[in-house]
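Shown next as structure tokens: one chain only, the form predicted alone.
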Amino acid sequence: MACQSLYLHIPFCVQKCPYCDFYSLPAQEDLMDRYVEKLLAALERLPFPMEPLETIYFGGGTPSALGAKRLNRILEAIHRHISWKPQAEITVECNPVLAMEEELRQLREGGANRISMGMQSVSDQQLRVLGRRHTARMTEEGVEAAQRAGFQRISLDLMLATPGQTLEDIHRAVDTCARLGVGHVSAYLLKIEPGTPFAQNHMETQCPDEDGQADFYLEAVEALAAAGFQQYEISNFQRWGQIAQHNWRYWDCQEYLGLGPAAHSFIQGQRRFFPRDLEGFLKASNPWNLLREDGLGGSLEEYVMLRLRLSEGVRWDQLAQRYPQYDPTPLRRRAGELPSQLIVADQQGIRLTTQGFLVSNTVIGTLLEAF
């Protein structure tokens, strides 16, 4: 089957957050214009067969920094060269800014139907520490603007175990998500990435230790569940069936095509990536020639590792359908040797518990020894 998911990396931010390790550069108008033209040219020269898309995802960076007009030009080119299914999920990441309703309305008219917004916190003081440019009130206004613009699928990001955060802050943030009527929350622990300003300033000394991080995570899971958000992945929660369809395809080890500097792909059984080099991408006569191979994808071990990020875990029937030659007995046996508070192993399959998610790397690593 040809690929049905497309990721576009938009490597621009108005201001880079001090904890962020994603590839991004300052949002300059001329640079963004050149980048859009290069993306349009690349979409005319797709080197892989594509079927009508089920998911399109604009990630970054801050994709909304491009503005609705540029983003809609890209969507028009995608529709012209690939097309998408009527029910396709088309996501744009954005940050809360003032007077964003008209931009969101244009995006909705251009085909986008899902917004992923970087709330991060409902404490203005914590937002300042995180280097965010918005306030808690701006997040609320942004969500309300997106709803008025016609977006029914809205996701909010919530960072956990940040400097100065309290458990009460978690409950206030979850209450805000529920009150605003969003259907999806991504709640994840702050990770201090090497080379970032946070790492250079040793911000980890102002964050909770491992036990404290576990407390924040478990508190968030419990609070989200009480507010009607069902956990379906380590860091993702939904209500009303609003799972992130694009990211689900990653965790289900399905193929996708990535375009743009730092974008990764899994297509035709091969993992590939573009270098983190915007200038090289802009200068390339054919950007697709920059793609580098990164090994085979879709192995049994990789499938198990990714599926165990999901609350559903690995189901024996799906495993047998995808890898019919594999005897799951060693995996069943290995799972049965692990503590029941970390993993559930039954006739349906194997899946991590909430406690297991906290130490998922260790648990998954132990399970992979079965191979």
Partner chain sequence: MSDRRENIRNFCIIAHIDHGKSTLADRILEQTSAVSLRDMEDQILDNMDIERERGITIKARAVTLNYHADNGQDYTFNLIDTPGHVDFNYEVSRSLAACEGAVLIVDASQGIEAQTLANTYLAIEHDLEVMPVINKIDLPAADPERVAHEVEDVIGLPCLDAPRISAKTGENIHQVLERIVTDIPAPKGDESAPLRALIFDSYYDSYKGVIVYLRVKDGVIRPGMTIRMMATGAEFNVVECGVMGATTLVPQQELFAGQVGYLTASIKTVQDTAVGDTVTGVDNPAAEPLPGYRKVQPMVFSGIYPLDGAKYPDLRDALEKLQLNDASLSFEPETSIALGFGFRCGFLGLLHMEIIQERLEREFNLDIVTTLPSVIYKLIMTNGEELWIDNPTSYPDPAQISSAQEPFVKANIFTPTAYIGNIMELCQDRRGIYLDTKYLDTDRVELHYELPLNEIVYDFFDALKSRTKGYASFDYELIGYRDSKLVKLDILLNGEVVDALSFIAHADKAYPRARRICENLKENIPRQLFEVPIQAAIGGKVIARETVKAMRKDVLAKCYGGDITRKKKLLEKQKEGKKRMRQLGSVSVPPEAFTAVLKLDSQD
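Note that the structure is a prediction, hence the values are computed from the model and not measured. Numbering follows the first chain given and starts at 1.
From this point on, the text means the form predicted in complex with the partner chain, which you will not see here.
Colleague: Hey, of 214 to 222, 148 to 156, 128 to 136, 169 to 177, which bit sits against the partner chain in the predicted complex at 4.5 Å between non-hydrogen atoms?
Modeller: One stretch meets the cut-off, namely 214 to 222.
Colleague: In the predicted complex, is there a heavy atom of the partner chain that lies within 4.5 Å of any heavy atom of residue 360, even though the partner is absent here?
Modeller: Contact check for residue 360: yes, within 4.5 Å of the partner chain in the predicted complex.
Colleague: Since only the chain is shown here, I'm wondering whether residue 50 would be in contact with the partner chain in the predicted complex (any heavy atom pair within 4.5 Å).
Modeller: Although the partner chain is absent here, residue 50 would stay clear of it in the predicted complex, with no heavy atoms inside 4.5 Å.
Colleague: Can you work out whether residue 240 and the partner chain are in contact in the predicted complex, taking contact to mean some heavy atom pair no more than 4.5 Å apart?
Modeller: Taking the distances in the predicted complex, the answer for residue 240 is no, it never comes within 4.5 Å of the partner chain.
Colleague: Within a 4.5 Å heavy atom cut-off, is residue 3 in contact with the partner chain in the predicted complex?
Modeller: Residue 3: no contact with the partner chain in the predicted complex.
Colleague: Here the chain is shown alone; which of 42, 32, 338, 345 has a heavy atom within 4.5 Å of the partner chain in the predicted complex?
Modeller: It is 338 that has a heavy atom within 4.5 Å of the partner.
Colleague: Identify, from the list 165, 196, 235, 245, the residue with a heavy atom within 4.5 Å of the partner chain in the predicted complex.
Modeller: Only one option qualifies, and that one is 235.
Colleague: Looking at the partner chain in the predicted complex, which residues in 254 to 268 have at least one heavy atom within 4.5 Å of it?
Modeller: Residues within 4.5 Å: 256, 264.
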